[in-house]
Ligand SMILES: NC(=O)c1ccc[n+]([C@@H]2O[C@H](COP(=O)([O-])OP(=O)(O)OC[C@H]3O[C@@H](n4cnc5c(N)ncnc54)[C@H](OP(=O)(O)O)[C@@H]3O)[C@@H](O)[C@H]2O)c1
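Shown below, as structure tokens, is a lone chain in the form predicted alone; questions about how it binds or moves come after it.
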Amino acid sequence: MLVFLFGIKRAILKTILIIGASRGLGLEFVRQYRHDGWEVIATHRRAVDGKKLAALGAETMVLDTTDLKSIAAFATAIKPRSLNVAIYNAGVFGPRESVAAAPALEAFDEVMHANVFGAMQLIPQIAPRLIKNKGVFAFVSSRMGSIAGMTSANGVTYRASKAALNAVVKAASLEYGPKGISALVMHPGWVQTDMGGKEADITPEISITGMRQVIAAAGEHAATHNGGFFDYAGEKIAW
């Protein structure tokens, strides 16, 4: 869609919110969307990260997805905004032990708060900002959250948190799908980030390029993507 301003033809900018944007996948989301001319709102926790994101041309907002006061302040700040896409990328891996070792309560709480509680707190705040534009709400999950596809017991706390996140997003797709939003979860692949390690299969550039294509497809084909679980190549994953 195009508009004319003082005789100059300009494209209407689209706005994306990236939650958890200060490093790894989130930072690459910022780079790529800014490169393509999107208005980017990027959340961070530390001041130094805010400066890094601002240098890329992003509007920055402070948000700690595990802190209710931070979430409340963010909800107030985002309320007047209209979004085309929102991405929940915040999360931690936590203990790598299998189910044979019970997790410490503190470690369990850290993973569940970052990966699940934060998403559940923010969905009611962000989803209404997407309705007007029939936008996309994408959540970075993991194939490790697939119960049908589980072949290993390692990282069971992380697996449980991502399975829970998947259920939350499926519920969001039922709640907000009829209002025009496409809510979905994505597996980024095994990526060369701090979490994935240097031996991982793909670079952040490849992962984000693929996930952006999935998000774009969700915006055009809500009927096939709302409530879905996809990998970065666009293939469906079993729950």
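A residue's number is simply how far along the shown sequence it sits, counting from 1. Please read these numbers as outputs of a predicted model, since none were measured by experiment.
Although not depicted, the form predicted in complex with the ligand is the subject of the following passage.
Undergrad: Is there any non-hydrogen atom of residue 219 lying within 4.5 Å of the ligand in the predicted complex?
TA: Residue 219 lies outside the contact set for the ligand.
Undergrad: Going by a heavy atom distance of 4.5 Å, is residue 14 a contact of the ligand in the predicted complex?
TA: Flag for residue 14 set to no.
Undergrad: Consider residue 64 of the chain shown here, and say whether it contacts the ligand in the predicted complex, taking contact as heavy atoms within 4.5 Å.
TA: Residue 64: yes, in contact with the ligand in the predicted complex.
Undergrad: Would residue 90 count as a contact of the ligand in the predicted complex, using a 4.5 angstroms cut-off between non-hydrogen atoms?
TA: Heavy-atom contact with the ligand at 4.5 Å: present for residue 90.
Undergrad: Among the candidate residues 156, 78, 123, 114, which is the single one with a non-hydrogen atom no more than 4.5 Å from the ligand in the predicted complex?
TA: When the ligand is considered in the predicted complex, the option within 4.5 Å is 114.
Undergrad: Tell me, which of 170, 212, 31, 45 has a heavy atom within 4.5 angstroms of the ligand in the predicted complex?
TA: None of the other options qualify; the answer is 45.
Undergrad: In the predicted complex, which residues of 128-154 put a heavy atom within 4.5 Å of the ligand?
TA: Result: 140, 141, 142.
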